[in-house]
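Presented below, as structure tokens, is a lone chain in the form predicted on its own.
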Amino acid sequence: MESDVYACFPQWANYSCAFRFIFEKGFEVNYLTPPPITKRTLEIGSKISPDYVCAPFKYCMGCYIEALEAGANCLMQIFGACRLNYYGELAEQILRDMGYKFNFFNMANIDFKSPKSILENFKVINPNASLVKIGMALPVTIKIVKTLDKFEDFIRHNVGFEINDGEFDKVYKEFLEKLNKINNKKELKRLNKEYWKKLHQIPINKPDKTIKVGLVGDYYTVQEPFSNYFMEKELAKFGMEIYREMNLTNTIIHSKFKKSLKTGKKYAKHNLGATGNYTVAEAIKFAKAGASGIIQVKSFGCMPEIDTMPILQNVSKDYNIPVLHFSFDSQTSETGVKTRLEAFYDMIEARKHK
């Protein structure tokens, strides 16, 4: 690709495949896939971040540093309905004070009702950016996101029952590698069909009645596996069927955030901010669907999610369903998390037999 721009978005689940497509095919710049998150990522981010800022900010800062070290020269930040809306400006200033040189694309600065504002901000990424080309790449990007979320939902529901350990991971990793190289809608459709079939061919031993657990929580921590110590995989080891509604398809593409205000009105009459109302609505949905337990996954200090905790206790009481709360930060013990998950499973098993 003939461009000297190497754009990068902080690591977030497996959505890099979608980001790569929109930036390379739409903005016509190179996309630098961020290195996988490690303990070093969090250590770097924590070192240069304010002490009491939420963990997602620290992860993003660590990702920015590692991306800049890898050659990125254009960084991006999404907008949000909480402190996240201000994090782009803060992150940019911290990195510039450290002496890094880069362009910064902050979506919080865009007035999405104004084509002029959209184009002006897009030119931060590429001065020659074309809304037409971006518009042509957008439908495929949306389809990639939907495909990722559909595949991961299927895996989440079945990985705990695979006969050969690691087979789902192996097939999905192979799929992601190929997905990262597609060039058009036709290639995506062919790949989707091929690997959807492969996932269904993986042998499983799934009982008619399973222990179903619903995960709710803040936008980043519940979706980025490293930030919650790969909780979904840990739960799958107990033979649990895992459900999580929080993903880009449901929240952004299908705009279920607005619907959640109505769903949880009995428990939260007002907007709690950020993912608060969506967390309540998801918990109610899982409880009504017969889930055996609900786990709230949040960042330490996330005010909207803290506000939902007493509300979730009311949901727990009304639907007779246990709710377990987790707060994650740079000091959270992985061993402690695993111990609490094991105890949660034992409690659900005891309730089932009783």
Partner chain sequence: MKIGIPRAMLYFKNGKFWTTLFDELKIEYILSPETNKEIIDRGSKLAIDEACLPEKVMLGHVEWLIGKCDYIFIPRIEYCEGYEMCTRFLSLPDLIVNTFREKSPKILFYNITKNSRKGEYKAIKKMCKFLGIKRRKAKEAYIVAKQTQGYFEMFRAENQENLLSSSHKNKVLIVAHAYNIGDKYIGGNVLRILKELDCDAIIAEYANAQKCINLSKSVAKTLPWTYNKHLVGAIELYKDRVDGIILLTTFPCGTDSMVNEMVVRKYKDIPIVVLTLDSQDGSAGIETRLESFVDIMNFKKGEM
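Positions refer to the first chain, counted from 1. Predicted model only: the values in this text are computed from it and were never measured.
Below, we turn to the form predicted together with its partner chain, even though it does not appear here.
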With its partner chain left out of view, choose which of Tyr87, Tyr278, Phe105, Tyr220 has a non-hydrogen atom within 4.5 angstroms of it in the predicted bound form. Tyr87
Name the residue from Ile134, Ile94, Val171, Met76 that puts a heavy atom within 4.5 Å of its partner chain in the predicted bound form. Ile94
State yes or no: in the predicted bound form, is some non-hydrogen atom of Leu138 no more than 4.5 angstroms from a non-hydrogen atom of its partner chain? no
Quick check on Asn30: any heavy atom within 4.5 Å of its partner chain in the predicted bound form? no
In the predicted bound form, is there a heavy atom of its partner chain that lies within 4.5 Å of any heavy atom of Ala81, even though the partner is absent here? yes
Examine Gly290 and determine whether its closest non-hydrogen atom to its partner chain in the predicted bound form is within 4.5 angstroms. no
Tell me whether Tyr52, Ala268 and Lys317, taken together, all sit within 4.5 Å of its partner chain in the predicted bound form, counting heavy atoms only. yes
Tell me the stretch among 65 to 73, 30 to 38, 281 to 289, 43 to 51 that has any heavy atom within 4.5 angstroms of its partner chain in the predicted bound form. 43 to 51
